[in-house]
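Next up: a single chain in structure tokens, the form predicted on its own.
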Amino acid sequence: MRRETLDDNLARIQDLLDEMGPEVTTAFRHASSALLDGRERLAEQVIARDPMIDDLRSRVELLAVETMNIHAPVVGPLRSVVAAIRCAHQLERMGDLAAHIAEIARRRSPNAVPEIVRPLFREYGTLVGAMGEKAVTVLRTRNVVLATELGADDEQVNAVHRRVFEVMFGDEWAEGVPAAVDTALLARFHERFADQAVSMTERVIYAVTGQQPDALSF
């Protein structure tokens, strides 16, 4: 029986991450649609599939630990293995955040988002979903230049986040406290999803270059 090499294990780890990434981005896209369009069954699908993302993270971690124990990788390969563990954790967290959004969408369906902030959350969902897709592309392709774009994307997300809270604390808010609590949570889940996407691409940058993102110049 052929013994698997370090390169074999690295390729298998990457395959698992490549399977995990689209699961996460699909979860967010479906959760956003469930939230904005009152699609309760779609929200339930997101929640039901979250354990699959958790299982993929566990498989990445187990294989990564096995790879370090058996092959004792150094320098570049070691950075890749450690980055894979951390990226898998961040992808799992992103999946959890999508599930949290879906839970609120299901509980408050069909009007989970107050009309006064609905346009903002539609923009929010588009921006954050695009960041997730870009981060997963970076993870698959290890494109360092593309990874550096996530910081500017995150600034746009933060701007929408601030606008949501400006509306909530403004004179026109008349939705009551329970709606305000859920709106604040939804804003937080969107923001954290974007933050995790940025952090994941920073892991990729370090794995590829051995440098922190701030040290790069293009």
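Values in this document were obtained by computation on a predicted structure and should not be read as measured data. So that there is no doubt, residue numbering starts at 1 and follows the sequence shown.
Note that the form predicted in complex with another copy of the chain isn't included here; everything after this is about it.
Trainee: Which one of D154, D50, E40, E61 is close to another copy of the chain in the model of the complex, taking close to mean a heavy atom within 4.5 Å?
Mentor: Exactly one residue meets the criterion: E61.
Trainee: Just one of A130, V82, V144, I116 has a heavy atom within 4.5 Å of another copy of the chain in the model of the complex. Which one?
Mentor: Exactly one residue meets the criterion: V82.
Trainee: With the partner left out here, if you bring back another copy of the chain in the model of the complex, are M68, R93 and R203 all within 4.5 Å of it by some heavy atom?
Mentor: The answer is yes: all three residues contact the partner (heavy atom, 4.5 Å cut-off).
Trainee: Which of these stretches, 131 to 139, 116 to 124, 83 to 91, 144 to 152, has heavy atoms within 4.5 Å of another copy of the chain in the model of the complex?
Mentor: Flagged stretch: 83 to 91.
Trainee: Just to confirm, L36 within 4.5 Å of another copy of the chain in the model of the complex by heavy atoms?
Mentor: Close contact is absent here: in the model of the complex, L36 is far from another copy of the chain, nothing within 4.5 Å, heavy atoms only.
Trainee: Report whether the minimum heavy atom distance between R162 and another copy of the chain in the model of the complex is within 4.5 Å.
Mentor: No, R162 sits far enough from another copy of the chain in the model of the complex that none of its heavy atoms falls within 4.5 Å.
Trainee: How about R106: is it within 4.5 Å of another copy of the chain in the model of the complex, going by heavy atoms?
Mentor: R106: no contact with another copy of the chain in the model of the complex.
Trainee: Is R29 part of the interface with another copy of the chain in the model of the complex - any heavy atom within 4.5 Å?
Mentor: R29: no contact with another copy of the chain in the model of the complex.
Trainee: Under the 4.5 Å heavy atom criterion, name the residues of 182 to 196 that approach another copy of the chain in the model of the complex, in sequence order.
Mentor: Going through 182 to 196 in order - heavy atoms within 4.5 Å of another copy of the chain in the model of the complex - the hits are A184, L185, R188, F189, R192.
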